[in-house]
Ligand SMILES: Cc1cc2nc3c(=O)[nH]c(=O)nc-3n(C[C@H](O)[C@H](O)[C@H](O)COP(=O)(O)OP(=O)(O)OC[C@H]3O[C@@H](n4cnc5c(N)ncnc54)[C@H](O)[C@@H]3O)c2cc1C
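Single chain ahead, by itself, as structure tokens, in the form predicted on its own.
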């Protein structure tokens, strides 16, 4: 492998030891980089994946080791210097250096910002009000989810819905409040939102749409319409706030995240960004993607470009969510033209087409992992750009593998 030898004598530093940052560090070593490598994190833990926080870890079926990218022995073996619980307080791009919270200065040859984000919070702070963004958040919540606990969840997005499913499985009484007219309305089509609503109500969740909060106290949630919901615990899942403050103070170009070019480079020389905090162009528009898939892909890709590869980042977006014993998966871009395929087990596949019949995206909803194979085939169909007939896509007797063969 050809490597920029100028990098060998100076440190590569990754700010943010979450999924994207951890994956970048591991990839750098896999690709043969043998110079000094520093991974700086706010949390005291090793890099870990976040999807298990609302499922396996919250259920007690998984521990931190089960969702970590590697163990401490592996980091030591790879000579990755992991600075934990000592975040970066200052970044000086013009001098290629940064300062840690304890006052220590570090110089870098190239830098990756994978600072992620934090849970959006309500103005008040009280003991019965919890959030779910970190491993420690999940532990705190797991310790209080007991049979009979009256739980109110604020927010009908994926965090709120997954916590609701887990809490019902643990025997809690669950009320879920959503300000909009449907669940996960920003990212899902109405038919899937309706299926989610039916599923959660079937499992005993009291889902309330089009509601607004008046106040929260130690004993209840008060709604604007006058209703008072007695509860023991409130979990707030109203989105994520990207950690852009360090980049703003350093003078980097930011929007809703840290803006990058096609190579994941920021507006400052030798600084890249990846993961939840990274705002990149897709289809000509700036956007961020808060998904496992994006953290994994951008962490790997940023590592390659830190080594001087100059590879443009190209992606097919996608995400998944588990709700009780049903699975949701998406891939690609959701365009206006939709074709539906009803599956034998009551599930559904939605195909998103361009006007000339090319597949742009797909959404699957079915028991278990039933749609996983179909979504993988859809990703291959998107890449192949094979013209597809709507009638063929709608026909459950015509396999997607046949369509892929043309």
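Worth saying up front: this structure is predicted, and the values here are computed from it rather than measured. Positions refer to the first chain, counted from 1.
Another form exists, predicted together with the named molecule; not displayed. Remarks below refer to it.
- Of the candidate stretches 204-212, 258-266, 315-323, 169-177, only 315-323 has residues whose heavy atoms lie within 4.5 Å of the named molecule in the model of the complex.
- None of 221, 246, 145, 199 but one reaches within 4.5 angstroms of the named molecule in the model of the complex through a heavy atom, and that residue is 246.
- Interface residue among 51, 357, 35, 367 relative to the named molecule in the model of the complex, by the heavy atom within 4.5 Å criterion: 51.
- For residue 290, a non-hydrogen atom is located within 4.5 Å of the named molecule in the model of the complex, even though that partner is not displayed.
- The closest non-hydrogen atom of residue 42 lies within 4.5 Å of the named molecule in the model of the complex.
- The closest heavy atom approach of residue 133 to the named molecule in the model of the complex falls within 4.5 Å.
- Taking the partner from elsewhere, residue 114 is found to have a heavy atom lying within 4.5 Å of the named molecule in the model of the complex.
- Contacts to the named molecule in the model of the complex (heavy atom within 4.5 Å) from stretch 13-31: 15, 16, 17, 18, 19, 20, 21.
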